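First, one chain by itself in structure tokens, the form predicted on its own.
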């Protein structure tokens, strides 16, 4: 698993994620999504809600990756690219809505399982924050 995480981090660095904290957040989200997708592929045949959970996690990771990448670019260039930011934000929002519509209405996916998968980003950010706070407290003690 360590080797996979290192490969993900190296790939993110090559794609322009030079800020360490952003790279760690995206790396953790992608690693969590990889685990969720593997669990969904293994157990989804017996319990189809795992497929829905994995689909939600993939959607969340896709949005989180591109949002992080765009914010990273804006911070690097220090330019107010409001039009580009709005266009990309609403583009991702529309695509996410279409994907959720297809999954729920056409595919019959569980809304609760999709929401649980979409919330993996929140879990990733909470874990990141707790580890940072814990590290800060240890340094101060």
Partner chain sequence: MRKFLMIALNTVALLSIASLAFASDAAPEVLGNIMWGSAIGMAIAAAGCGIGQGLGLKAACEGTARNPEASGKIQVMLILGLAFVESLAIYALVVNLLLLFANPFV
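Positions refer to the first chain, counted from 1. Predicted, not measured: the structure shown is a model, and the values here were computed from it.
Below, we turn to the form predicted in complex with the partner chain, even though it does not appear here.
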item	value
Candidate site 11, 41 and 57: all three near the partner chain in the model of the complex by heavy atom within 4.5 Å	no
Partner proximity in the model of the complex: residue 27 to the partner chain, non-hydrogen atom cutoff 4.5 Å	no
Residue 122 within 4.5 Å of the partner chain in the model of the complex, heavy atoms	yes
The partner chain contact in the model of the complex: residue 31, any heavy atom under 4.5 Å	no
Contact test in the model of the complex: residue 101 vs the partner chain, heavy atoms, 4.5 Å	yes
In the model of the complex: members of 90 to 123 within 4.5 Å of the partner chain, any heavy atom	90, 92, 93, 96, 97, 100, 101, 104, 105, 111, 115, 118, 119, 121, 122
